[in-house]
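So this first bit is one chain, no partners, the form predicted alone, shown in structure tokens.
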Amino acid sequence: MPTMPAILATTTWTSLDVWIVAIGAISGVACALPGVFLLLRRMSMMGDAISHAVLPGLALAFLLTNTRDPYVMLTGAAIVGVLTAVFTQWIHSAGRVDEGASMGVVFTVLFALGLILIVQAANHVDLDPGCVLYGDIEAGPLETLRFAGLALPRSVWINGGVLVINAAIIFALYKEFRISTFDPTLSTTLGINATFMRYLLMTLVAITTVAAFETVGSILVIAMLIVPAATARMWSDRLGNTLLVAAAVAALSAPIGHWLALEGPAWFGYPGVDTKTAGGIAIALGGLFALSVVFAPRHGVVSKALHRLRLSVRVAREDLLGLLHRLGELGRPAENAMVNRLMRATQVGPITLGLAMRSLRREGLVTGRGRVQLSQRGAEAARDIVRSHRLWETYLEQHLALPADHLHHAAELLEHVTSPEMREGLERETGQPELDPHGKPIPRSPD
């Protein structure tokens, strides 16, 4: 992906472009903050339901007041947004309907009603139904509003105001939101009204959704609510960090999305044609999420694959040490070809086996090429592995009465998670035996 300086260098940006990006970034961050809690509550589709269901409130506000005053719009949206949550919960509880199904019933009915009212409102008020559905962020900088002597685009005032409200409420009630999100029962026990916190979140989502109408419309606003939060969850398991990363992802998607809207059509043979910035922002969010799925340090595909590989190599290392110790007990030479054959019989792949053997040689635990031998340090490590294995076999036989033919596999798994302290505990619990259930000597720890 091009870096931010490269993006800016390929396009001539005017003050209009800068304001478009600013509006998109502010709106995105405002959506991302409540979106994190929607995601954590497993209510992602509730954001989609509210973004569609607030249309009747918006249209009724137009029809009743004949004005596009933002305060009227936000009030109508907040009322219908809360009613959406109330109706969904009522249908779910009273009708014993799955929550997803009740959500689908409520938002589809309200969305259809909203579309009818939007068309009716458009006949009386200067309202573009397409703008409501898909947004018109490009026109945002053209209408300014003066407040406290400062003239800024109206969208900046509206979305910025919602951002301040969301940030202030989440900051002030951070503990309450956190507890009620992760454990509503504990929240109630501590005197925090989980139901109130739920409806407060729904109110914030409703207000944020309407504020974002002029930016991305009611259709794409779900991307700004959920995708930054989902992306942030790939990077962090802590709530505070997740909120910060989600805000950063939302802000970053605005310049990238606007650049895609300006330059993207030329890639498909339509030079000089611009597309909707809102769509570009949604694509940018999807791209950032895809990159996070692959490269996030903890939950990314690459990170998980590397972690599994490191774990497989560690297990293979310990299995190799144990095998070499057992061959030594039998007095058999550990020929390299035989060791490889025996290890692969335990379903260890050639790549994992090669990395494990290379690691043991690098650390000086084994020596030799044609014939593998344990060094002094390697012999001590191998003794600990075999000791853990045979102590576990003894423990499982004594305390769980497992049959003899079931002991080896269970002990083979447990030996890889046994610490020195656990080995000493096993020895005490089993009465410091000298032989395992198969009659093999249990290596003693050095004094």
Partner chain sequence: MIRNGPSGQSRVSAEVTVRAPMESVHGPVATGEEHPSSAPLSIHDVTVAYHRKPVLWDVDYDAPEGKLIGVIGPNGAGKSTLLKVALDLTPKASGQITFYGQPYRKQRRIVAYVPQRESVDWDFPISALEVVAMGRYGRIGWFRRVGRKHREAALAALDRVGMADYAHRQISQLSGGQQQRVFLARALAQDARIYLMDEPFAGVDAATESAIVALLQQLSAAGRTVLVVHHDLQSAAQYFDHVMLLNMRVVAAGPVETTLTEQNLRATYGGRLTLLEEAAHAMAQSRREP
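Numbering follows the first chain given and starts at 1. What you see is a predicted model, and the numbers here were worked out from it, not measured in a lab.
There is also a form predicted in complex with the partner chain; it is not shown, and the following applies to it.
Contact with the partner chain in the model of the complex, defined as a heavy atom within 4.5 Å, holds for exactly one of H299, R377, R371, R358, namely H299.
Taking V82, A251, V348, I165 one by one, only a single residue has any non-hydrogen atom within 4.5 Å of the partner chain in the model of the complex, and it is V348. Comment: 300-308 is the region of 300-308, 186-194, 173-181, 74-82 lying near the partner chain in the model of the complex, near meaning a non-hydrogen atom within 4.5 Å. The partner chain is not drawn, but in the model of the complex it has no heavy atom within 4.5 Å of P433.
Contact check for R146: every heavy atom lies farther than 4.5 Å from the partner chain in the model of the complex. A25 falls outside the set of residues with a heavy atom inside 4.5 Å of the partner chain in the model of the complex. Contact annotation: L330 falls within 4.5 Å of the partner chain in the model of the complex, judged by heavy atom distances.
For the candidate spot formed by G354, R362 and R383, no residue has a non-hydrogen atom within 4.5 angstroms of the partner chain in the model of the complex.
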